[in-house]
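One chain is shown next in structure tokens, namely the form predicted alone.
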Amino acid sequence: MTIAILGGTGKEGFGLALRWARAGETIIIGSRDAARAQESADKIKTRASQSKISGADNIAAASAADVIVLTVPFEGHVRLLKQIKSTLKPGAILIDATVPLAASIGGRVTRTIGIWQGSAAQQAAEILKGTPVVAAFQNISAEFLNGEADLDSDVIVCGDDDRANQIARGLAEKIPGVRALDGGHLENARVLEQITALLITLNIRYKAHTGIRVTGLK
């Protein structure tokens, strides 16, 4: 299984690439700039021994992957989805970690934008008709992903396709210290995205890097 991380030169995408490369996954870092993507891949090779990782532009990365993970800022969300729509392999799935923060239109970073479809992930599903879309990884700390220690975090996965959900949960649990939880249908993605804005508020107030843990589950 090949995983393309679009926006993989940013902190969130780079951190996911690093963790999955260490777990032995085959990774393609995608970026608008192929050279910059390869530079990030080379950096990961120095931190993850025997890693299978390369860099490419976003469209080439998406067309070669079985799993596409979207970690781009919201302002580039629709444009990139339209660019890759016709290039995706049959059977590919998309995991959307995008959060529609108001900062993307000049507003406050601590709140989300209302989207007609309900969430960024639902917007992705509408654009990529026929490709399963899962919402996950919005609430995991990029700072911790880029570190060396195990994480202490839950990743909630929301989606309407059982196979895609299972793949996303499996990838989450390849990150040491992460527990994957089934968050139900894709319509619940709006809640995950709003939690991100709350976590940013907590980070600002407490000068911390927060995640979430759900208690009471076995």
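Every value quoted in this text rests on a predicted model; they were computed, and no experiment measured them. When you see a residue number, it is the position in the sequence shown, counting from 1.
In what follows, reference is made to the form predicted together with a small molecule, a form of this protein that is not presented.
At a distance threshold of 4.5 angstroms between non-hydrogen atoms, residue 76 is in contact with the small molecule in the predicted complex.
Shown alone here, residue 138 lies within 4.5 Å of the small molecule in the predicted complex, counting heavy atoms only. When the small molecule is considered in the predicted complex, residue 72 lines it closely, a heavy atom lying within 4.5 Å. Remark: residue 127 does not count among the residues lining the small molecule in the predicted complex, judged by a heavy atom distance of 4.5 Å or less. In short, of 183-191, 150-158, 44-52, 64-72 it is 64-72 that has heavy atoms within 4.5 Å of the small molecule in the predicted complex.
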